[in-house]
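This document starts with one chain, in the form predicted on its own, laid out as structure tokens.
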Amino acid sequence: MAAVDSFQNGVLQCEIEPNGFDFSNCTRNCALARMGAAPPRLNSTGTTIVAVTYKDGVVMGADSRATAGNIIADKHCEKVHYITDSIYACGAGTAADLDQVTKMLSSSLRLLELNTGRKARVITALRIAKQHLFNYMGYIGAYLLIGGVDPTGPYLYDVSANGVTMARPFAAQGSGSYAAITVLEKDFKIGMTEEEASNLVQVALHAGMHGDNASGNSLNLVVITPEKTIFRGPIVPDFCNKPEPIESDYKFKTGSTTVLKKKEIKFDIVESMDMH
């Protein structure tokens, strides 16, 4: 009870004096730890997704490796999700959550287009996604890059699993984003051509896939312009191809290695798997 009382007093004090930084969550976490509450379990997911805006549109891309812990579960996972003809979303996080969230977005925007007779805007997709994710406070593992072109221009938005969103000229998400974002920050410039933007996205994805064990296998790109949408992939980088077989012979003759010590171990066969 003492831990609970101190926690409540800390919360009341923060409510009375709201100025400055609020560290009430630190008090809460300490109180919960003293009461024996287990901290939330964090899951690491592997992905590299990248998106860039350019002069007339948006280029988005992702790798295709899905992992289950330290195991590669799927080498051809589709992480570039269709929303509408001119809006796509790249997803990082839990594959099942991403599939369901993007399907919900796609169906909601299609119904909106049928009801209004107009193409859905990118900001509408963002609004639906952020409200849905905020309701679940991060328990839906969907980190999205929503991009597209509507009558008002090209747009790119970064969406976190807890509903926090931000408009960006370029963005990267996933465990390989640390390597990818360095390439984007170095080479991105305003007013790029479609070819420059596509090359930049591919180089950033290569960096993320090469520097992250949980990203790789192949990549997919989507180029969205006011006139059309082009999907490219799967593209397999050179470093993702199987290595060539070793041609040199590393077999050595008997006696090449000096034997320093010998030890014999006697054992009994308890059970044999040999077929008679």
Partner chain sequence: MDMMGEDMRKAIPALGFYPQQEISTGTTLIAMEYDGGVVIGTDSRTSAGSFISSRTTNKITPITDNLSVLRSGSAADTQAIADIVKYYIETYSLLENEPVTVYRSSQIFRQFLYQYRDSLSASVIIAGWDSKLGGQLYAIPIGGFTTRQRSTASGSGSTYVLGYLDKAWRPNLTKDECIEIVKTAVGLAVFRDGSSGGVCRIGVINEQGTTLTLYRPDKPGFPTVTLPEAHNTYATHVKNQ
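Note that the coordinates shown come from a computational prediction; the quantities given were computed from them, not determined experimentally. Residue numbers count along the first chain shown, from 1.
What comes next is about the form predicted in complex with its partner chain, which is not displayed.
- Message: Can you pick out, from Thr165, Thr124, Ser108, Gln100, the residue that has a heavy atom within 4.5 Å of its partner chain in the model of the complex?
- Response: Flagged contact: Thr165.
- Site test, Ile128, Glu194 and Phe239 vs its partner chain in the model of the complex, non-hydrogen atom cutoff 4.5 Å: Checking in the model of the complex: none of Ile128, Glu194 and Phe239 is within 4.5 Å of its partner chain.
- Query: Contact between Cys30 and its partner chain in the model of the complex at 4.5 Å, heavy atoms?
  - Reply: Yes, Cys30 is a contact residue.
- Query: Quick one: does Ser160 come within 4.5 Å of its partner chain in the model of the complex, counting heavy atoms only?
  - Reply: Result yes; Ser160 sits at the interface with its partner chain in the model of the complex.
- Give a yes or no for Cys26: in the model of the complex, does one of its heavy atoms lie within 4.5 Å of a heavy atom belonging to its partner chain? Yes - in the model of the complex, heavy atoms of Cys26 and its partner chain come within 4.5 Å of each other.
- Message: Would you classify Met137 as touching its partner chain in the model of the complex, given a 4.5 Å non-hydrogen atom cut-off?
- Response: Yes, Met137 is a contact residue.
- Of these, 137 to 145, 114 to 122, 69 to 77, 194 to 202, which stretch puts a heavy atom within 4.5 angstroms of its partner chain in the model of the complex? It is the stretch 137 to 145.
- Residues of stretch 177 to 194 in contact with its partner chain in the model of the complex (4.5 Å, non-hydrogen atom): Those in contact are Tyr178, Glu185.
- Relative to the form shown here, do the C-alpha atoms of Leu133 and Thr27 sit closer together or farther apart in the model of the complex, given a change of 3 Å or more? Leu133 and Thr27 sit closer together in the model of the complex.
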